[in-house]
Ligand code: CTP
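The chain below stands alone and is given as structure tokens, in the form predicted alone.
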Amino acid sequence: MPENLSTQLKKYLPQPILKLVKDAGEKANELGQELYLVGGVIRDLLLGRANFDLDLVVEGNAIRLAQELAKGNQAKLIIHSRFGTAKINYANFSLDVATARRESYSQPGALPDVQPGAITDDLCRRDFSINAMALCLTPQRFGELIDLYHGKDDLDHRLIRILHPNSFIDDATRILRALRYEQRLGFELEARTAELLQRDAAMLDTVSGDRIRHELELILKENHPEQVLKRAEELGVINKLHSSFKSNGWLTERFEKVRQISKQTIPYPLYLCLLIYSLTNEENERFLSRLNFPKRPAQAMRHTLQLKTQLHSLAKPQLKPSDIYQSLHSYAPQAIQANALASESTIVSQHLQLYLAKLRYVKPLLNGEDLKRMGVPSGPRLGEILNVLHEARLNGEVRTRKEEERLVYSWRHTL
């Protein structure tokens, strides 16, 4: 007889979410459909880890069910007809609803061909046994566990296990996900899974740069991404991201410093800048091209290496604040912060941090319109006075609006 987790589910989910889930199961039953809660939430329920990112799978028509669920609930419905999926956005919660499907791969690394299927087909296409469990939500079977691949046993034994020997060949991004889950949960790769992962590491070359970049982003958003990178190096995987990448003590120390200064945000762009810090410009360009990075992170990574070659100019102890500003204002903040963390020079780091904490925010109190009212004509002279005024403000030579005005009157006929 299948195990039933209804008691645990009722304790695990907040009451408003539990009600939505039960209502969804009842509505699916009225439509003659079977509804299941699937994926990571089942894993985290059994592990006692909070996860209210809920995915529902329907044996039937997910869009029709989602339309019924959204009625009268002040919910926003987003439909993706091509994929047979829908998202229902409530005030402070959302449900993803998908039609159960089966997948096949025309070639390694390709996106799968998809057809409607049963819940058994849907679980078969998943990555690891611990993510291939489902709970039935229809009333007669509410809470019944479907565990075709013994994911619950693997949770008990703290193992990451793929579902079949060709799993990494079909989709090599699972290699990076396996390492991410292993380190996040404190698990181990099941022995055969570890062998196949190393055997198939080269299959990462069959996957598009966008998909590899997405997996790298998820790794760098983990609590301790350096642990995943270290494991990737141990298993011969990290060089599939870039042949020159290494996970070492230097990177671990800098990532820890990043977390110390980034209490409120996920420091993904800063991690990236440190990850490429040892690369040459040419190596970095190959990395950016291979993973097809968007403009902003790519710019920050380029700036990181460009600024690295200019740090010697910031090593003088008595630099004026205006000199520091002029040296740094054209670089992305993440590039400056990465160099502040990476530099072995205390003076350089102090200058970089001064810019980030204070100098970049310093602006004159007077603007161009104010200067015109004071008799400064439009044109190059006005811009020159604004620049000199900014320098004086940076260097603490003026602090109030009155002091700025006096300086402008004294400069107006000399600049």
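Since the model is a prediction, treat every value here as computed from it, not as a measurement. When you see a residue number, it is the position in the sequence shown, counting from 1.
There is also a form predicted together with ligand CTP; it is not shown, and the following applies to it.
Although the partner is absent here, P364 lies well away from ligand CTP in the predicted bound form, with no heavy atom inside 4.5 Å.
At the 4.5 Å threshold, heavy atoms of R254 stay clear of ligand CTP in the predicted bound form, well away from it. Interface membership of R43, defined by any non-hydrogen atom within 4.5 Å of ligand CTP in the predicted bound form, is confirmed.
Though the partner is left out of this view, F187 does not reach within 4.5 Å of ligand CTP in the predicted bound form, counting heavy atoms only. Stretch-level contact check against ligand CTP in the predicted bound form with heavy atoms at 4.5 Å: of 123-131, 292-300, 235-243, 325-333, the positive one is 123-131. For the three residues G39, D53 and R180, a heavy atom within 4.5 Å of ligand CTP turns up in the predicted bound form in every case. Only one of D154, D171, D147, D200 comes within 4.5 Å of ligand CTP in the predicted bound form through a heavy atom, and that residue is D171.
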